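Only one chain is shown below, in structure tokens, and it's the form predicted on its own.
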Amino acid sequence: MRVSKLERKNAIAGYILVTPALLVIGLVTIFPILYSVWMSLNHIQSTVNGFQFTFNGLTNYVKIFNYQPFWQALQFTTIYAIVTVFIELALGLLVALALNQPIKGRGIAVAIMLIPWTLITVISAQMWHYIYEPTFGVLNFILMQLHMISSPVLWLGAPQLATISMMVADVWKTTPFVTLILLSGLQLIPADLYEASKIDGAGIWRSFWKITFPLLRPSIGLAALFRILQAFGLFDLPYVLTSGGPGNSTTPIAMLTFQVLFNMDKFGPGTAMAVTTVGIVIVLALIFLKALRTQVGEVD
């Protein structure tokens, strides 16, 4: 098929118009990534004349793979992501199903629901820190008034309690985001399908499993993708709420990378840790994108 001169000119004009945006994207995103990969392959020393690079291949990667806190942080981040995303999807689906009904005040309910999501994470984390405070915290006060506990609980003082407390704060903040994605997916499902299933004698539960859930799978996958990617970048919530403690029990991979880079001044291993995390996130994103394409019928 021959391309006309007009189409060729339009294509050239399009490339010229998008070139500045591509250059900005390259400078802001691609160049730092490539430079980080280069840094991870070098031994970096800070001198009076700047940084001195000495190529050492995969030595930094070997160091982090033999660094036990790296595996602990990766394990914590993975478990944290799986648990919080599963809970957020379950709660988000329930709330989305309720908001999808023709009820009065639905717009106001959606606006109120989005307040936790709009709060800056540092602010919401500090608020939850006050809630969990053992002496003056509102949570211990309420539980003691209800005679559910006899003495204040150190919610952030034990590894398991601190992890659960942080998960609760995260679920409270990000469930509205998941709900909004799922609600958008529900509104795209044709009402004719439910009317046909009702004529066929299908109940609410059967309609959900045969119509709602299958057609909502792309939205569920998209919400899960966003939340898992965000979970692997978790930093501000544990930084404010637990500072990674007690010990290193709530230290995610992003916080550990920060500590290695800036607190320990180990730029080579720190960038290797960051590059490894980015690689894991890219693999997860590709898996989810492949699953999403399969769900909507686009199979390569």
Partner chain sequence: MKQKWMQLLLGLSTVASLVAPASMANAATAPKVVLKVLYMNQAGYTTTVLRQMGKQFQKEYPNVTIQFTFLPYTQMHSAVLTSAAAPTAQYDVVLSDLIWTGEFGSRGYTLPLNSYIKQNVKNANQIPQSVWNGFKVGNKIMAMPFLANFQNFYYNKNLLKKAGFNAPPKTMTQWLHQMKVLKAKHIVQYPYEDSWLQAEGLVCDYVRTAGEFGNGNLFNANGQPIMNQGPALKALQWMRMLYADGLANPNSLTADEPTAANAFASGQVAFNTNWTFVTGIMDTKSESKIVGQGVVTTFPVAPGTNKATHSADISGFQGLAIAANTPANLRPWAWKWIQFATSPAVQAQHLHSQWPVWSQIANSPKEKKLNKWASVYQQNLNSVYNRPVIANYLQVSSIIQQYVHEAIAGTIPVKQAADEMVQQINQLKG
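Owing to the predicted nature of the structure, the values given are computational and were not obtained by experimental measurement. Residue numbers count along the first chain shown, from 1.
A second form of this protein, the form predicted in complex with the partner chain, is not displayed here; the remarks below concern that form.
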Can you tell me whether residue 46 touches the partner chain? I mean in the predicted bound form, with a 4.5 angstroms heavy atom cut-off. yes
Heavy atoms within 4.5 Å of the partner chain in the predicted bound form: does residue 213 have any? no
Taking any heavy atom pair closer than or equal to 4.5 Å as contact, tell me whether residue 190 reaches the partner chain in the predicted bound form. no
Is residue 63 close enough to the partner chain in the predicted bound form to count, meaning some heavy atom within 4.5 Å? no
The partner chain isn't shown here, but in the predicted bound form which of 233, 26, 247, 57 has a heavy atom within 4.5 Å of it? 247
For the chain shown here without its partner, which stretch in 201-209, 178-186, 216-224, 132-140 has non-hydrogen atoms within 4.5 angstroms of the partner chain in the predicted bound form? 132-140
Heavy atoms within 4.5 Å of the partner chain in the predicted bound form is the criterion; list the residues of 193-212 that meet it. none
